[in-house]
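Before any questions on how it binds or moves, here is one chain, the form predicted alone, in structure tokens.
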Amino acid sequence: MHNYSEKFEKMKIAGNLAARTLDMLTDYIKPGITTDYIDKLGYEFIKDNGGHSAPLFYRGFKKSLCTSLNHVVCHGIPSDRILEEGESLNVDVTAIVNEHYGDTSRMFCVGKASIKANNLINATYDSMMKAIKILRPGLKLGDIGHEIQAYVEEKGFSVVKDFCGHGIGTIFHEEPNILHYGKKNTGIELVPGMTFTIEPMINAGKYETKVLQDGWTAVTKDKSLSAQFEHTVGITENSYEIFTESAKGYTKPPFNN
């Protein structure tokens, strides 16, 4: 037993609850419902399954999930806004179980998304998975960012630089910051036992963002579409483990319901 295996087991439990919350929400996300309804469903599911929602009351945030629609990059606040056919939505869930955090997000298509939105969503998911698949002790943080940046820029998309992944464990956000852009062989070296999120935010247009007056909602400055996926991962002796995989095998839309 490695000295981090107990931590990994606990993070897997929290990560599993966060992923199951997204699995549960999948059937509900369709035209005509509000993001507040999604928030309520998520809050109740996490509570009923022995967890707490990390965003609720975090630095004054008043909702349990983040719902980021269309050109919202991240930290969208659930509201009475009704989802419409063809929109794209990111739902970000962080569950706390036994003081350990599991943080994950997925994109959803409301009805049928445009080809442009689908292309962006696919590139974002694939960039995250490409970065995860190279993880191992000895790798540098810059390699993670480089993998994502090189992949999406080749497709004509841009990487958001104002927000990044983060260390996570018994604290929601801690060192190190995981940038989604960078140069190979730069930054700190990964070691066994490290736990952090990889959560690329990718824009169809330029990478610049701005935060709205509510102090939370980040949007693309040029109003272009944005997409994001997120997993919480841990570094093992010679590889990695994903703590937030879907129990139903859901990865990116369209989900095979």
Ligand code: MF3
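Just so it is clear, the structure is predicted and the values come from calculations on it, not from any experiment. Residue indices: 1-based, along the sequence shown.
There is another form of this protein, the form predicted together with the ligand, and it is not shown here; the text below is about that form.
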{"item": "The ligand overlaid from its position in the model of the complex: site open or blocked at 2.4 Å backbone/C-beta", "value": "open"}
{"item": "Every residue of Cys66, Thr94 and His166 near the ligand in the model of the complex, heavy atom within 4.5 Å", "value": "yes"}
{"item": "Heavy atom of His75 within 4.5 Å of the ligand in the model of the complex", "value": "yes"}
{"item": "Contact test in the model of the complex: Tyr181 vs the ligand, heavy atoms, 4.5 Å", "value": "no"}
{"item": "Contact label in the model of the complex: Asp39 to the ligand, heavy atom within 4.5 Å", "value": "no"}
{"item": "Close approach of Tyr43 to the ligand in the model of the complex, 4.5 Å, heavy atom", "value": "no"}
{"item": "Heavy atom within 4.5 Å of the ligand in the model of the complex - the one residue of Arg81, His173, Lys112, Arg136 that qualifies", "value": "His173"}
{"item": "Partner-proximal stretch of 24 to 32, 43 to 51, 184 to 192, 58 to 66 relative to the ligand in the model of the complex, 4.5 angstroms, heavy atom", "value": "58 to 66"}
{"item": "Partner contacts in the model of the complex for 188 to 227 (non-hydrogen atom within 4.5 angstroms of the ligand)", "value": "Glu199, Trp216"}
